[in-house]
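What follows is one chain in structure tokens, specifically the form predicted alone.
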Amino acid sequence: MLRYVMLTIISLMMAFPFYWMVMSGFKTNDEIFRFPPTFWPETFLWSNYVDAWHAAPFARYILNSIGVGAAISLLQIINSSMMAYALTHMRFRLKGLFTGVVLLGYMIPSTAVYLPSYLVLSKLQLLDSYTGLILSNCVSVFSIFLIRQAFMQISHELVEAGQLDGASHFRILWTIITPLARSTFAVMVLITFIEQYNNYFWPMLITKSPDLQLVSAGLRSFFVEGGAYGLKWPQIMAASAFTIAPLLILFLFTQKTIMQSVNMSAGVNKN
């Protein structure tokens, strides 16, 4: 009982900032700063959410973030699974060295490659475009390492059985190995999508058009350039609330798969 009470308290502490953000979107500016604070609005001002939605093209920002995040997640599924399969279930010379080089790339800070990546995109004329936003993030060392760990838990005998039946490496990968690691893929997609949805600095660096702005950059424009910062806190809270709605919906649809992945990993470690 004590364990459940502690978990409940911790859960409420983590959920409280989201509750405060949503409720503050319904309050007046004075009510937000009132002391002692009010945890329930005196009057629900739905107009705050409407005003915030129309104050900036948030629909465009959200669609941009969803589209870019989904495309990057799909591309990372393809290239990460192929790379992980080669590192775990294929035999070739210097395999260990190649694996070490890939994992070494995980130690390099992302900011260290911003300048060369920018120059490459400039040479390819992909700056200020959806293509540049997607292709510059379509490979992730973290995703490769995550899928590699999942593939290492799958018996190599399944690969050998597929080869005896005449299946190619691509068929073995997509019809045998990948379905067995679908929980890990769900976790990878969730992490990748959230990361790209909230990505701020790199998209701001390679895009200038307002039509290409993602949610984070759009919120900044609303806060600073729109004059809302320090003046319209109810609208700021409202805008912040409906921009994270896609992430909450994504988590609701994938939480069962995430828990299955956690339980599967715990069982493997225990065994």
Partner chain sequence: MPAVIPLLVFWLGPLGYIFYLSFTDWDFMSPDKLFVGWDNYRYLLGNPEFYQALKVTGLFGLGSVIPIMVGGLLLALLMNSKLRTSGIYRAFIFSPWVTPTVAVSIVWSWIFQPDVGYANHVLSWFGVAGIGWLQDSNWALIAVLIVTLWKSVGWAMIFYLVALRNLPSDLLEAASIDGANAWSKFRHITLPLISPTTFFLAVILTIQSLQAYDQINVMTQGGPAGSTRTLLYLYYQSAFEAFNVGEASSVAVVIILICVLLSGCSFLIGRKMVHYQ
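Positions refer to the first chain, counted from 1. Rigid core: the largest C-alpha set superposing within 1.5 Å between the two forms. Treat the numbers as computed from the prediction; the structure is a model and nothing was measured.
Not on display, but discussed next: the form predicted together with its partner chain.
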Q. If contact means any heavy atom within 4.5 Å, which of 161 to 169, 178 to 186, 110 to 118, 147 to 155 contacts its partner chain in the model of the complex?
A. 110 to 118
Q) With the cut-off set at 4.5 Å between non-hydrogen atoms, does Met23 touch its partner chain in the model of the complex? A) no
(Q) My question is simply whether Met237 lines the interface with its partner chain in the model of the complex - judged by any non-hydrogen atom within 4.5 Å. (A) yes
Q) Does its partner chain get within 4.5 angstroms of any non-hydrogen atom of Phe98 in the model of the complex? A) yes
Q.
Leu173 versus its partner chain, in the model of the complex: is there a non-hydrogen atom within 4.5 Å?
A. no
Q. Of these, Leu205, Val50, Leu63, Ala70, which has a heavy atom no more than 4.5 Å from its partner chain in the model of the complex?
A. Leu205
(Q) For a quick check, can you give me the residues of 1 to 30 that have a heavy atom within 4.5 Å of its partner chain in the model of the complex? (A) Arg3, Tyr4, Met6, Leu7, Thr8, Ile10, Ser11, Met13, Met14, Ala15, Phe16, Pro17, Phe18, Trp20, Met21
Q. Is it true that Trp202 shifts between the shown form and the other one by 2 Å or more at the Cα, once the core is aligned?
A. no
Q) Would you say Gly96 moves its Cα by 2 Å or more between the shown form and the other one, aligning on the core? A) yes
